[in-house]
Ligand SMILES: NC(=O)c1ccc[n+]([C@@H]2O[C@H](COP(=O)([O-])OP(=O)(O)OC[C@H]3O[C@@H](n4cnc5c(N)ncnc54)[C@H](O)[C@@H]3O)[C@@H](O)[C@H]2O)c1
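Before any questions on binding or motion, here is one chain by itself as structure tokens, the form predicted alone.
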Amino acid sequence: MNNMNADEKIRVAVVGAGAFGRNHARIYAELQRAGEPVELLALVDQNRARAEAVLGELGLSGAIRAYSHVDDLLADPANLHITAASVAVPTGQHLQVSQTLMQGGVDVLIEKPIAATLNDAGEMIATAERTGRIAMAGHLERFNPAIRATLPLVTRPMFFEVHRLSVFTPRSLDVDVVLDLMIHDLDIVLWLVRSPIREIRAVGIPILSSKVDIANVRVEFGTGCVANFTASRVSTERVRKLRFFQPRQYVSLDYGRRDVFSLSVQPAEPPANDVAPPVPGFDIALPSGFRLVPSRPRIDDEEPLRSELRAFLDAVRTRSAPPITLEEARAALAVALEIQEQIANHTRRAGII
């Protein structure tokens, strides 16, 4: 497959008109209005009336076509020549929808989790290889400006404390809190640690739904790094924070505020560097001739979904490997499913009904 011309428009569709799909459509439309070489042509949802309503809300009625099924989109005699699509349907439908699109010659961005089972994820990967399509996983937090600012700081993380708490909503109740919320942080920590997992311990219970709504997990990696994860969708507040320790450094980031704070141990007179100036009042002298130096790395702020979709479109245009492969997403899914199994084991041992 050849690279596309830089000025050639990528014709896109969004499949799924729920909360995620609505935002994908919004960003594609914004990129188009900003003059970028992309054109949103279709929104697909089993409830076509909902798709049309979303288009109306976004001010796209008349300009964008609504369809009830992907097959209808691909068979449209108007021959829209869709090049790429976002798949934002419920998780259980990801395989069927993405396969239909890829077999129809369409590159895909698949929302997290990419599948409900490892077999489905494997079939998805095989379809992408067989059809030669670009297939990217939508792990949004990889594109959070706070994560991007943190990457240059990572050396040898040894302990993570991660909290992702959300108020209850009827969204995404087809999966539990591990696949709904925690999988974001599982993907990030796997990406940062890059080490096989040695042990997983987990506990979780349902509160307001029939599936696990709150979970706590301890993961130990081959490097000796330990990560504690807490995820809840029955909280009274919204919290999305990740903290980690590594030799001579503590780093704390807030996904929601898109903010990073670092506290490092440095020589008393460190050489000049390009790190932001220390925060006044935190430069503490240590007896050993070192000092604690706090800093806040510069944040290049951009809406994460906008960054994600631009990265996807760039991979489609250049026919290059996407920044988040289906194989990486399958690895995060495998950990999430193991966590589910460990939660089930704990539930049986504890006699929780």
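The first residue of the shown sequence is 1; numbering continues from there. Note that the coordinates shown come from a computational prediction; the quantities given were computed from them, not determined experimentally.
The same protein also exists as the form predicted together with this ligand; that form is not shown, yet it is the one meant from here on.
- Taken together, 230, 336 and 340 are entirely out of contact with this ligand in the model of the complex: none brings a heavy atom within 4.5 Å.
- Among the residues 46, 61, 325, 320, the one placing a heavy atom within 4.5 Å of this ligand in the model of the complex is 46.
- Of the residues given (132, 104, 90, 224), 90 alone sits with a heavy atom within 4.5 Å of this ligand in the model of the complex.
- In the model of the complex, this ligand sits beyond 4.5 Å of every heavy atom of residue 128.
- In the model of the complex, residue 17 approaches this ligand with a heavy atom inside 4.5 Å.
- When contacts are judged by a 4.5 Å heavy atom cut-off, residue 189 does not count as touching this ligand in the model of the complex.
- Contact annotation: residue 195 falls outside 4.5 Å of this ligand in the model of the complex, judged by heavy atom distances.
- Contact with this ligand in the model of the complex, judged as any non-hydrogen atom within 4.5 angstroms, is confined among 136-144, 196-204, 154-162, 254-262 to 136-144.
- In the model of the complex, the residues of 88-115 lying within 4.5 Å of this ligand by at least one heavy atom are, in order, 88, 89, 90, 91, 93, 94, 96, 97, 111, 112, 113.
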